[in-house]
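Just one chain is shown here, as structure tokens, and it is the form predicted on its own.
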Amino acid sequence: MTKQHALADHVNFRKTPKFGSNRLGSLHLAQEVNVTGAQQGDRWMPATAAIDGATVSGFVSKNVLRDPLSGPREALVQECVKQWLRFDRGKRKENEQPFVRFVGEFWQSIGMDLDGLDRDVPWSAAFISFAVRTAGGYNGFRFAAAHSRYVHKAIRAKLDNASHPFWGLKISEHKPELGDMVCRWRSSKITYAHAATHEAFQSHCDIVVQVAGDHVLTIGGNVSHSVRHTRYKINARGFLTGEGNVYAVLKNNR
């Protein structure tokens, strides 16, 4: 038995190894699949997976599966997906119940007594801090209520060649991978050089959960007042284009 994960959302899980009206259900993004035997035909892998709360045997295309990541990196991706599903794939809002309380859990991870009704205080960095802390294995990360704090520390770690769970790089230096972070400026333009010398500035970061042909898909908090996806364009070589106010990528060293 070999553990794999779904590359995309709504991946078909089939009763028989062929296309057609044989769906048993669908797999969500990053869902664990246990491959139980040898490939059948040109693509079909026999497998078991959780469908509607029950373990089901069936078949899934090898083209929509990926190998597991390292422990901390996989845990970080899984935690982001878990929270995205918890917010009904981004359809539910911070000020609705019980999501008010869920946002409160993000804040509590950095010792702040706020929740989803405190709508004048952005909680996106609290979400990142919660996800990283819950994933585990990221000792040295700077948990904070502002993205700029941990972005600056990650960039300084890279420039100083210091050990750190994330290294902050220019978008021309690193192709984003699963578990990395994409960082963009908000109201005022920020450069990599500015972030390297300042700890306080307006920023936003999301965690990469899928790498596709022309974009990466991320999950972040307080995106349209929920936990939602954002797409960032990448070029033919796999580097971020900088569109969407992107100024840095944090490479996951775990």
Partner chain sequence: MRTLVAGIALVIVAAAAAGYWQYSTVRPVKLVASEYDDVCGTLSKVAPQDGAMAALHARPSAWSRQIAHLAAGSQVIVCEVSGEWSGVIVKDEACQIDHDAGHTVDYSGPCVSGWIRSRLLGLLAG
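Positions refer to the first chain, counted from 1. Just so we're clear, the structure is a prediction, and the values are computed from it rather than from any experiment.
Unshown form predicted in complex with its partner chain; subsequent notes refer to it.
Although the partner is absent here, V35 is not a contact residue: none of its heavy atoms lies within 4.5 angstroms of its partner chain in the predicted bound form. In the predicted bound form, its partner chain lies within 4.5 Å of some heavy atom of H225. In the predicted bound form, no heavy atom of H10 sits within 4.5 Å of its partner chain. In the predicted bound form, Q202 approaches its partner chain with a heavy atom inside 4.5 Å.
Figure note: of the listed segments 62-70, 37-45, 23-31, 193-201, the one touching its partner chain in the predicted bound form, with heavy atoms no more than 4.5 Å away, is 193-201. Scanning Y138, W167, F102, W107 against its partner chain in the predicted bound form with a 4.5 Å heavy atom cut-off leaves one residue, W107. Residues of 130-156 lying near its partner chain in the predicted bound form, listed in sequence order, are A145, A146, H147, S148, R149, the criterion being any heavy atom within 4.5 Å.
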